[in-house]
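What follows is a single chain, given as structure tokens, in the form predicted on its own.
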């Protein structure tokens, strides 16, 4: 494959609230490689979920994508069986490129669920409580014409077993409300992976489950990643990012403020906001370290402060320098940060 699996460039998503415009995502760019996981982290309201939903244009009517590209490079499919084409031919011939933000809605529906799978944050809300697991897991296999009804059921049963749901032959006849929270989340992962998508977007997949189930879900996603699937993980849990993800994007007030390999960023964050996130979270083995919450609250997206949006909460801020625009700058070790002081100290 020439180029990354997914290339997002200058994504901007706005919400209209009366006469106000909320700039929820402002100029976000990142790449996702096959077989690698990218974490997008930040406080609630930082733009993580809006970024993910913008890629598949799953947004409310008040939202609009004002700018950007999201180029997805996926293997060409061979017929209705859903297998990837293998054998002769150049790498460019074996793949096709689509801009997720420019596709007509009809064509985008062919990509959603087949080339790109999504695991939503709350499985109980995302799944239809009036339909059995069989109906919900087989529906997109049939809609995309991947296989017939009998094979679709066989695949669904196998997928439930693969994600660790016991007695899948029996469970497939049940409804979502008859399952525990952890089982519902695993069923949603099974649903997302049934078509063997090239890209998986997981929005807080370990929220509201206990630590044992959380570990099981993460181990399952590791297996998915090891098969060559690229993953975008939306999370506020830095421990999840350290355990599972290869790279991290830190967002604040709709902007990317730091981007780096996971270990480098979590061991030595450069942007003051990244430092604050680390200080206000606890990872395994941090019992002796006191929690240091970030003072203040995230800004109103309709009335963002000038320059670096974090400067009103930043203990290192120097005015008026921090009130001017702060662009991402590449440091000597290859990571990127949007703080002039971090650049000066590097």
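Residue numbers count along the first chain shown, from 1. What you see is a predicted model; the values in this text were computed from it and never measured.
What comes next is about the form predicted together with a small molecule, which does not appear here.
- Contact annotation for residue 60: at least one heavy atom lies within 4.5 Å of the small molecule in the model of the complex.
- Taking the partner from the other structure, the small molecule in the model of the complex has no heavy atom within 4.5 Å of any heavy atom of residue 32.
- The small molecule is not shown here, but in the model of the complex it comes within 4.5 Å of a heavy atom of residue 49.
- The closest heavy atom approach of residue 45 to the small molecule in the model of the complex falls within 4.5 Å.
- None of 28, 37, 70, 301 but one reaches within 4.5 angstroms of the small molecule in the model of the complex through a heavy atom, and that residue is 301.
- A heavy atom within 4.5 Å of the small molecule in the model of the complex is found for one listed residue only; from 155, 236, 184, 140, this is 236.
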